[in-house]
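A single chain, nothing else alongside it, follows as structure tokens in the form predicted alone.
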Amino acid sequence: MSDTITIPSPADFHVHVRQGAMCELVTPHVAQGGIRTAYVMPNLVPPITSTSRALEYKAELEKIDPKTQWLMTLYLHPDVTPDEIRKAAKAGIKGVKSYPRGVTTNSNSGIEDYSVYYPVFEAMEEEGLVLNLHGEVPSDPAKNISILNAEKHFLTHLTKLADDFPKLRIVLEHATTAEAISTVSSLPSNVACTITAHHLWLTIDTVAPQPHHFCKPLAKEPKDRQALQDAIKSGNPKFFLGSDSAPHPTSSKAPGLTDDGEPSPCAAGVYTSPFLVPLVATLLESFGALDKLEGFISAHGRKFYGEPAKESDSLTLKREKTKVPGLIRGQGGVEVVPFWAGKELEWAISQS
């Protein structure tokens, strides 16, 4: 097998670059990790619910890193009307992200009922915007719904939306279950699915003892991880990379106390941007899918989103062991612990 791999214009179709000091730290890491096109999530505080704010945010990112192609999204919210969708389409906004209320970071403004947004989805269908779905439902003890099965319970919503809007491009984000893979595979070509790097390695056993592995949706059983790996090995173009790289300061991951003296909750998120493409290559090689790397991190997602690769943006990997740092520091005391801290990658980005 060759010791180098060249990939045309790697793309990450789900990334968080935050705001403030954290944004200053992590935004350059997207390109550092080998990504040329990044699809940016809108769950800021407050969430991005207008075209004007999305364009302001894009300008902020371009100021930090003008070489990366930043694709912007809106946060599904009552402020996002059909008229706003048409305005967004004219401005080059690419999609709308749906967060069920309270299921993950900054989702308190999320939705509870999809039916009220059908006029918005109709406008998106007409204008060609993509609907990105965080595929979980809120926990409900009375119905035995928890973070362990929240994704499975969401799949009926996915199927109904796909049936009701056959021309709307829909992406089920960061799948973690065999049931999600099976459902997406069974639906028409307007439905696709992102898979993260970390869910190709994590299971519930590796999450339980380690707060830096805690994310939403939660990693599940080995059989579910196998289903994600098999989806990539199949070469099915419905499945492509969306890293859900989600940095949190170490203080939000480490145990502490709230102002009321209660233990603080652990923030949900795993951070992979600074070494994303070498990590994906390392993981795919580990389960015999290195030959599917180009499709997974470039061709499949780009075709679904209609964002062709640029020859000038190709990336070459070389076989070289590199160690993931234990801590990444920025200005103002910002610190982030990356995924796989202290572990070795089998691939590195060639600088030649």
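Note that residue numbering follows the sequence shown and begins at 1. As the structure is a prediction and not an experimental result, all values here were calculated from the model.
Here the subject shifts to the form predicted in complex with a further copy of the same chain, a form of this protein not shown in this document.
For the three residues 222, 327 and 342, a heavy atom within 4.5 Å of a further copy of the same chain turns up in the predicted complex in every case.
Contact annotation: a further copy of the same chain lies within 4.5 Å of heavy atoms from the stretch 259-267 in the predicted complex, the single such stretch among 176-184, 189-197, 277-285, 259-267. Interface residue among 166, 211, 78, 237 relative to a further copy of the same chain in the predicted complex, by the heavy atom within 4.5 Å criterion: 211.
Residue in contact with a further copy of the same chain in the predicted complex (any heavy atom within 4.5 Å), chosen from 147, 71, 130, 89: 147. Although the partner is absent here, residue 251 sits far enough away that none of its heavy atoms falls within 4.5 Å of a further copy of the same chain in the predicted complex. Under a 4.5 angstroms non-hydrogen atom cutoff, a further copy of the same chain in the predicted complex lacks residue 126 among its neighbouring residues. Taking the partner from the other structure, a further copy of the same chain in the predicted complex has a heavy atom within 4.5 Å of a heavy atom of residue 323. a further copy of the same chain is not shown here, and in the predicted complex it never comes within 4.5 Å of any heavy atom of residue 122.
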